[in-house]
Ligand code: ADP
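Single chain ahead, written as structure tokens, the form predicted alone.
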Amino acid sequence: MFSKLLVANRAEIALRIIRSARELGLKTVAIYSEPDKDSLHALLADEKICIGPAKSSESYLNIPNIMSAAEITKADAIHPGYGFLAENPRFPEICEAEGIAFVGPPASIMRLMGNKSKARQEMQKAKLPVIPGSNKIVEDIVEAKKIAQKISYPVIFKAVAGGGGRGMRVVRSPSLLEEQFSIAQNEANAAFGDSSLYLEKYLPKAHHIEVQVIGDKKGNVIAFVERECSIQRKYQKLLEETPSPFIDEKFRRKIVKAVQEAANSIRYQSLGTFEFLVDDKKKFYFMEANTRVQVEHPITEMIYGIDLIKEQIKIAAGNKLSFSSDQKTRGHSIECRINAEDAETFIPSPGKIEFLALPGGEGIRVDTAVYAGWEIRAEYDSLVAKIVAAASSREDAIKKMYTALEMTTIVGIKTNIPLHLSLLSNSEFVRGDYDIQFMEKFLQKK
């Protein structure tokens, strides 16, 4: 096992990793930007070191500065969390060259699955169905028109190198194709430094389903029960739950088995997530894989009673998976992402938190790094907290979450808690009758 882990991230995920590392008996190192000097992850780590100014490119994305911090503090392992450098294959390569363990998949897997076009091709070989579309980068608008005509409208452009909704454009008619192609290219280039796109059939009445996987360095791979991620706005997830109310047990076994076999075929290592669209006829199509820990990993932890971050660290140290694929789930779990934004306009609401009261009690988990007096800054992600509720049934988990949100008080900034409360009391959501178009319709009715 390692002796000292440097956490190459900030805020709640950095604090989450520090907690698990501490429980494993590891010393921890926090890196922080200048405005993050009083952040909880910096205050609670065993050591902390400043790596640059507020701008991410000069701090949390600055590999030379991070590696210097690891050298100065004599850290023998680095955990990237999610976002920032978590899916940059150069990072694990540099760590390996410096003799520092990287807590995540190897660069080869990152490169394979991080390129959506190559990932589609590889998953087709592994017999995972993919959405009809281009099997490679769309070179120009002429090629895009041919593919769109073949698979029929609506279609969607997606950035090969990215995610999070950037570089994604839905096209519903031929007259809009050229304009949206150009916009998607520009968005992709601005966000990822790569304007490459691929094109696929757009499935409007579908569910966004993801399956968590974990693999060790000895060839053991396990896939977990699915997470339902269809509650999202502009491709950004707002609420996730597991298991999905849309999926029956027969289908569940089918998709989990298919993912486990596909992950085995590429000898997947560490944590990762395979994402799918599932149509109204319960046909599933592979979209992409995320080679990192997901924001919503707590809901899987809650129904399985395991710590995925601990397991990920132990895998990086060469340990075998400590559990088998026959793990049983218990009950239902829901996560609400609490963001610093106006619940009506979605305009970001940075500022100082003047008063904070967070919920607790049986089955409630809060992953956050904020405190009264802390300032939510415009330079970084607007996530304030992840509130998770777990209960024996979905009905009880919804009630528990609603009560937890009612008992959450955050003064000084606006949050989307009112939106979540409205959502949790919506009759269609309560019935589990929703898909990826739900939020669009829900917001129009408000």
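Throughout, we count residues from 1 along the sequence that is shown. Owing to the predicted nature of the structure, the values given are computational and were not obtained by experimental measurement.
The form predicted together with this ligand is left out here; the points below concern that form.
Task: Listed range touching this ligand, judged in the predicted bound form by heavy atoms within 4.5 Å, from 344 to 352, 273 to 281, 371 to 379, 72 to 80 - done: Of the stretches listed, the one contacting the partner is 273 to 281.
Open item on the list: So this ligand isn't shown here. In the predicted bound form, which residue out of 365, 208, 111, 310 has a non-hydrogen atom within 4.5 Å of it?
Closed with: Filtering the options by heavy-atom distance leaves 208.
Task: Residue among 227, 332, 297, 158 with a heavy atom within 4.5 Å of this ligand in the predicted bound form - done: Comparing distances to this ligand in the predicted bound form, the residue within 4.5 Å is 158.
- [ ] Check whether residue 187 has any heavy atom within 4.5 Å of a heavy atom of this ligand in the predicted bound form, and answer yes or no.
- [x] No, residue 187 sits far enough from this ligand in the predicted bound form that none of its heavy atoms falls within 4.5 Å.
Task: Non-hydrogen atom contact residue 232 with this ligand in the predicted bound form at 4.5 angstroms - done: Although this ligand is absent here, residue 232 would touch it in the predicted bound form, with heavy atoms inside 4.5 Å.
Task: Exercise: residue 240 in contact with this ligand in the predicted bound form, heavy atom 4.5 Å - done: Close contact is absent here: in the predicted bound form, residue 240 is far from this ligand, nothing within 4.5 Å, heavy atoms only.
Open item on the list: Using a 4.5 angstroms cut-off on non-hydrogen atoms, would residue 201 count as touching this ligand in the predicted bound form?
Closed with: Contact with this ligand, yes.
Open item on the list: Using a 4.5 Å heavy atom cutoff, which residues in 252 to 269 contact this ligand in the predicted bound form? It's fine if the answer is none.
Closed with: Counting only heavy atoms within 4.5 Å of this ligand in the predicted bound form, no residue of 252 to 269 makes contact.
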